[in-house]
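Starting off, we have a lone chain in the form predicted alone, written out as structure tokens.
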Amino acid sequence: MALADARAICPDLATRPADQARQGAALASLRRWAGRYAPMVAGDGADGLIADISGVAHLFGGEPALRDDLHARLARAGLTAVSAIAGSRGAAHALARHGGGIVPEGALTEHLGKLPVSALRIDHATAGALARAGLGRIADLIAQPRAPLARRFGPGLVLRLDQLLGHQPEPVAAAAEKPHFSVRMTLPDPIGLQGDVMAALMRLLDRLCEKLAAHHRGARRVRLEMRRVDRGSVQVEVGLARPMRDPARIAALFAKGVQAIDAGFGIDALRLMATATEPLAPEQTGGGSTIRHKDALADLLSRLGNRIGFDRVLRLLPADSDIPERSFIIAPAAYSAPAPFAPRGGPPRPIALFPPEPVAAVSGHPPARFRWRRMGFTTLRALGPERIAPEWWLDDPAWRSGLRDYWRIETREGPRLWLFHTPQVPGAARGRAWYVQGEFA
């Protein structure tokens, strides 16, 4: 029912938002645990599990003993569950959601006939239509001819009914487990030298990268955990600027971290895992200069990112705007792909761009002499103007003054500056309201 209706019935009702992600993770963990009762366990809707216990019950002393053991273990874990055992998946699903129990072999019709038709896993519209036709229980449907039911209520109803009675097979197919990219090594004698740790790391990396290649994945973060003989542990974790599965290049990133570890009385076990992976299709191998350039750039970004943080290694990406400060965006280099700036016509742009800074003691238009940053400049050559209009669909406080006329000024003192003035501002035509926003090479 709706929350408002529930609170009208029970004003003291305590509620909280459902966390679907955590509920799904909890159900997945419970599915792995339920593997102790059956080799095939699968999810059954958003709140249930289904297991094929054919040939397993005798290991627990029979079906009642298996069910009692299941409930006892769940109760010790603080979980309340309802379970059912039946000869078909549809029957077990229906009974588990209507009280639970065990259906003896050959007694499906007798035990499930009293259940409502909604237990057949049909939609609410079909269940309502069946109720209006006087078919409210499963026993009412079993006695009906299949052909009229299929014509009036659709073939899905007949399929669910036959699955419940066991006439249509419905095997339990467990979902494939997600690959776990982790390898480990136990050593007969403790090690502590950096060379020994790096040699063990290379052996682990070879196995890990083979596993990654088999699933067409590349590592983005790799963690090395080392267990010491005193039961303490140390770990070194590195990030990668792009997905990678090259053992030699990954090992080079671990050298600095391994050198700084405290091995204590020695390390007797190592575990290497890829904590973050991304799809990585097979790549062309060879000595092409383009490939070597990409690998060298990725290694440089990885080294810088592990030292100062990947969010601090940035790159410029093009943006579709004529406004100088909006013609590019800044993005972390490790989480973005490079994009070339499209060639543009018109006057060149400065190599350095900064917020507008006012100039003083301006004479002439364009200024023949002016002061900027406490220095005096004399104009040798002026190119312009280039008029840039603000983007009217965006409210930018810096551009509320309107149009800007930009000039490229070459000074006698050396700097080549990018100056602009705003024609709408009073006094601009008489030489005031000039700003410097960039500097050319």
Partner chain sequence: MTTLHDPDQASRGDAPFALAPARVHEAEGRGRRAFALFQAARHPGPLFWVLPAHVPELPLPAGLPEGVAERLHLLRPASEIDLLWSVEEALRATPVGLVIAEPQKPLSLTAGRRLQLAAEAGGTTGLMLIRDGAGSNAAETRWNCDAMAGPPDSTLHRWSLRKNKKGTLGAWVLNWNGATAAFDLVSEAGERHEPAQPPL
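Numbering follows the first chain given and starts at 1. Given the structure is predicted, the values throughout are model-derived calculations rather than measurements.
The following text describes the form predicted together with the partner chain, which does not appear among the structures shown.
> the partner chain isn't shown here, but in the predicted bound form which of Arg231, His215, Lys114, Arg344 has a heavy atom within 4.5 Å of it?
Replying inline: Flagged contact: Arg344.
>> Quick check on this chain: which one of Ala173, Ala199, Ala360, Ile330 has a heavy atom within 4.5 Å of the partner chain in the predicted bound form?
In response: Contact check passes for Ile330.
> Exactly one stretch in 321-329, 120-128, 236-244, 69-77 has heavy atoms within 4.5 Å of the partner chain in the predicted bound form; which is it?
Replying inline: In the other structure, the partner sits against 321-329.
> in the predicted bound form, does each residue in the set Ala14, Ala18 and Gly100 place a non-hydrogen atom within 4.5 angstroms of the partner chain?
Replying inline: Result no, not one residue of the spot touches the partner chain.
> Might Arg387 be said to contact the partner chain in the predicted bound form, defining contact as any heavy atom within 4.5 Å?
Replying inline: Arg387 lies outside the contact set for the partner chain.
> Can any non-hydrogen atom of Gly266 be found within 4.5 angstroms of the partner chain in the predicted bound form?
Replying inline: Although the partner chain is absent here, Gly266 would stay clear of it in the predicted bound form, with no heavy atoms inside 4.5 Å.
>> Is Ala251 near the partner chain? Define near as a heavy atom within 4.5 Å, in the predicted bound form.
In response: Residue-level check for Ala251: no, no contact with the partner chain.
> Does Pro415 reach the partner chain in the predicted bound form if we count a contact as any heavy atom within 4.5 Å?
Replying inline: Yes - in the predicted bound form, heavy atoms of Pro415 and the partner chain come within 4.5 Å of each other.
> Within 307-329, which residues have a heavy atom closer than or equal to 4.5 Å from the partner chain in the predicted bound form?
Replying inline: Read in sequence order, the residues that approach the partner chain (within 4.5 Å, in the predicted bound form) are Arg307, Ile308, Arg312, Val313, Leu314, Arg315, Leu316, Pro324, Ser327, Phe328.
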